[in-house]
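What follows is a single chain, given as structure tokens, in the form predicted alone.
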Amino acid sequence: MSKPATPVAPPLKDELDIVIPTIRNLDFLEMWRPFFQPYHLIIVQDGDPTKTIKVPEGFDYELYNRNDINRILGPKASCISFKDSACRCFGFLVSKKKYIFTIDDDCFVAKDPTGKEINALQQHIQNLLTPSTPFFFNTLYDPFRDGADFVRGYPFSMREGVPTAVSHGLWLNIPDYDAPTQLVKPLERNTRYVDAVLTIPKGTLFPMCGMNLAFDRELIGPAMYFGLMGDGQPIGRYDDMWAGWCTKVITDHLGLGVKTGLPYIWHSKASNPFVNLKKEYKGIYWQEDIIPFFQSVTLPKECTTVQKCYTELSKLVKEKLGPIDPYFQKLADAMVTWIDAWDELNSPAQSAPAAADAKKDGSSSKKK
């Protein structure tokens, strides 16, 4: 007589938070229910804090609005962007889990070429739990995937790899284009499913997108600051880019890895290219100086932690990018404030009281 199957616990159920920035009801979670329901959600409400955000029944979540952010961080709340999805990094700040997966509310479950729904979270976990190979490129891409290995000529001394800090996923349907490209190719859609994961080599920057992203919070969390964007700032839509450039410089310095490729999500909505152009135009101009800056950054060997690396990077931002525009001096100061806030909420002595305080206010909800 056959025995009933033993239920399989979702991977990292008690070690991972899902962070979602939003201004609207989270109906999109219904499609993700089979994959997300076992996990804890941190919802960061942007915009008007008096608006009620509806979350489908059955999800375990905390919801923070701007009033909560101001109450928990006090004067340090100035480092958290307003009216911009960059506010998601507040969720990274208050999480107490080892891993973070963050997704936008216009992203849905994609299907692979066989028609099977893709469990994006499961693939991100697989990426994070297997090593990266940033020092020598493997032409079969990720050698730790099933059916792959290191190719002939790959140094045996490097085959152990390094810990993976970041897993960067991609998108089917609406590609993550900047405003000029949107205007030139308004109907273009990404239909190419590339079944590959690869480590981004050391010394190579990349444009990180925050809508389908996972990372090891303990390894790289303090570098995942999405900058000053949105309301009151001269730039928008560069929040994830900034975090990605900072993170890549620091992972390279500390000997950590970044993977990109699988998993795919279905990006459902193209944002307005004219609105985007207004947000991006200074960034498009400035990035011609920003990227060479990050390419040339060398962190001193004394920088042995993410916090030390990020603080040193803030000094270099003020020194090297500050002359371009006063915004970068303000951004450099916000980077320091962010690290101060991170240390305040995440030190062993403070993490438990801070977590308790985060749930005291009635506007923060926790439901099951």
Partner chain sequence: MRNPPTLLSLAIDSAVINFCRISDLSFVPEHILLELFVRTLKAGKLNEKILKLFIATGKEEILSVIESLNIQHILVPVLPTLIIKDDEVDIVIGALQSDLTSFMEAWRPMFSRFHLIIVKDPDLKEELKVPGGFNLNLYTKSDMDKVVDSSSSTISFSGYSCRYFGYLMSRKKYIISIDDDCIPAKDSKGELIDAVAQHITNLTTPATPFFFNTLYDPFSEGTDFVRGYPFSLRSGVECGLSCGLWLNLADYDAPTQALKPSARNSRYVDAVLTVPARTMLPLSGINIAFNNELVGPTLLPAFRLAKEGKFRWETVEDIWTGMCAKVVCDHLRLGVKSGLPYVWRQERGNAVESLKKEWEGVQLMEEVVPFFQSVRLSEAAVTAEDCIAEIAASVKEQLGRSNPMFARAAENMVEWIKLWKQVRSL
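Here the structure is a predicted model, which means the values were calculated and not measured. Positions refer to the first chain, counted from 1.
Form predicted in complex with its partner chain: not shown, discussed below.
The shortest heavy atom separation between K282 and its partner chain in the predicted complex exceeds 4.5 Å. For the chain shown alone, P207 is a contact residue for its partner chain in the predicted complex, at least one non-hydrogen atom being within 4.5 angstroms. Using a 4.5 angstroms threshold between heavy atoms, S157 counts as touching its partner chain in the predicted complex.
Using a 4.5 angstroms limit between non-hydrogen atoms, N190 touches its partner chain in the predicted complex. Segments offered: 214-222, 93-101, 237-245, 67-75. Contacting its partner chain in the predicted complex at heavy atom distances within 4.5 Å is 237-245.
Think of it this way: in the predicted complex, its partner chain has a heavy atom of just one of P186, G232, P180, G255 within 4.5 Å, and the residue is P180. Every residue in the set D195, G203 and Q295 has a non-hydrogen atom no more than 4.5 Å from its partner chain in the predicted complex. Contacts to its partner chain in the predicted complex (heavy atom within 4.5 Å) from stretch 149-174: D149, F150, V151, R152, G153, Y154, P155, F156, S157, M158, R159, H168, L170, W171.
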